[in-house]
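Have a look below at one chain only, the form predicted alone, in structure tokens format.
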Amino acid sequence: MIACAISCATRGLAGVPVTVEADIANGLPGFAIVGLTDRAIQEARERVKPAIRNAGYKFPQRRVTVNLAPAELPKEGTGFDLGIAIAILRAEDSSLRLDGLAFLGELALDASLRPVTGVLPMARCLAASGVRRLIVPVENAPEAALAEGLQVLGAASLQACVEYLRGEGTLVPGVRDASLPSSEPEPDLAAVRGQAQAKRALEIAAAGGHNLLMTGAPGAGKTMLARAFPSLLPDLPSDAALEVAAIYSLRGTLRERPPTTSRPPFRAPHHSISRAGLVGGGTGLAQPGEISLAHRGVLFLDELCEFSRQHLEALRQPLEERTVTVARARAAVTYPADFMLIGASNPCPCGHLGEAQGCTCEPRQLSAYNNKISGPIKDRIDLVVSVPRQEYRDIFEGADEEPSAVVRDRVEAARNRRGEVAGHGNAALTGREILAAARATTPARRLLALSGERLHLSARGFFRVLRVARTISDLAGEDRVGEEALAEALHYRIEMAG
């Protein structure tokens, strides 16, 4: 006797429907699971068998073979437990109606259901593949309900699920929970006194989706500025917010970020993070790293030069292609990584280069410190700004600072002026698109040509300067890129060259 149930596996951010085939044949009692599975799935034999018995049903005393198809797809995790148990029970009980149903969930030994990670991307995949009803653990139901076009049902136990399939019971409807706690309040830009030039650079970065590096002495306000940066960004569109929630679901970190929030994510990993933690990796199928958790938002690298050069070099592909591919022995996985990079760095290891108290670093230390950021990484940073130490009168006697809400209004107006590209502003424009969008005046083109020779700009550098100039013009409400906008864009490039 053969029976089938539908479940789902993940491959990167995409899901893949999996058919759970259960065959019960005469022979010595045994239980085998095949289909390129990991250890967690193999251990399902020791969870499913007692769960079925403790739910009050008989486990077949014959040869039981379960196949997870397609067999060539690597599979991992405990989310197949429920599908395996239902397929086995269906093979001996034809009264169970499985039409149009899919199953996700981990079984406890007492037959209760435990939540699993990655439910949201799998629910979206199942809905796209034609599944119309999905049974998940009760705790996963609000998350799965975020997927459109899918009726989600929450089950507390295997017994409740079987009774529903027999038409003898009901399950808890999954409802998108709008009452989930919202994200923590974002720091306001008005909390930072002074630093007008740095705030201007942040506004440009927010309006165009540009990468930014701030350099300056310790305590000057670089970290406060960076943490206030998300408050300048508009809310994410619903599809982008759902995509971000799917990444956090896959990583099992939705408790850090409510799935219903539309605010761009902000990630600030410590410089001691591993390469796998930053880019993605781990055992088995690679998991998303910090750069993917920052997708559609901000990746803040404080003390940038304290990160290892290998870690920073790993950002080359994501900064250019807005995706990251992590290859492992079992499979290569691609995750989205469309983020804005905000870096903060001291001018030297001691932090006092160019200040009155004097720098105590040796030339060799200074060279090694600055060489952490290679030329190709520098070429991918659009804006570099100095954040000097503030004087007393700037901190305590200055005028009231402009709040984030006012700046965000200008940012939204600039983005709406030309329409966002892939949700990421002018920074996402291709070379051909920015040449058409810039409409640079003749004096501006002449200035770009002369400055490019003096600064030894690469082709990438030329286009990045032009994108920044286009953003500056958008903030000013100008249709064409003029000399003034281009000169300001070049100023931020000169800071990097210096």
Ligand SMILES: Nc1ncnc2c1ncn2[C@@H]1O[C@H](COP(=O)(O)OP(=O)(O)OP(=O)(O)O)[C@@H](O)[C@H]1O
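One rule holds for the numbers: they count along the sequence shown, beginning at 1. Please read these numbers as outputs of a predicted model, since none were measured by experiment.
FYI, the form predicted in complex with the named molecule isn't displayed, but the following is about it.
Going by heavy atom distances of 4.5 angstroms or less, which of Val406, Ala331, Ala191, Leu109 would be at the interface with the named molecule in the predicted complex?
Among Val406, Ala331, Ala191, Leu109, a heavy atom within 4.5 Å of the named molecule in the predicted complex occurs only for Ala191.
(request) Find the only residue in Asp235, Glu321, Glu303, Asp93 having a heavy atom within 4.5 Å of the named molecule in the predicted complex. (result) Exactly one residue meets the criterion: Glu303.
Is Lys222 one of the residues lying within 4.5 Å of the named molecule in the predicted complex, judged by heavy atom distances? Yes, Lys222 is a contact residue.
Contact flag, Gln287 vs the named molecule in the predicted complex, heavy atom cut 4.5 Å: No, Gln287 stays farther than 4.5 Å from the named molecule in the predicted complex.
I'd like to check something about Asn211: if you look in the predicted complex, is any of its heavy atoms closer than or equal to 4.5 Å to a heavy atom of the named molecule? Taking the distances in the predicted complex, the answer for Asn211 is no, it never comes within 4.5 Å of the named molecule.
Please run the contact check for Leu299 against the named molecule in the predicted complex: heavy atoms, 4.5 angstroms, yes or no? Taking the distances in the predicted complex, the answer for Leu299 is no, it never comes within 4.5 Å of the named molecule.
For this session: Given that the partner is absent here, state which listed stretch (129-137, 222-230, 166-174, 244-252) has heavy atoms within 4.5 Å of the named molecule in the predicted complex.
Result: Within 4.5 Å of the partner lies stretch 222-230.
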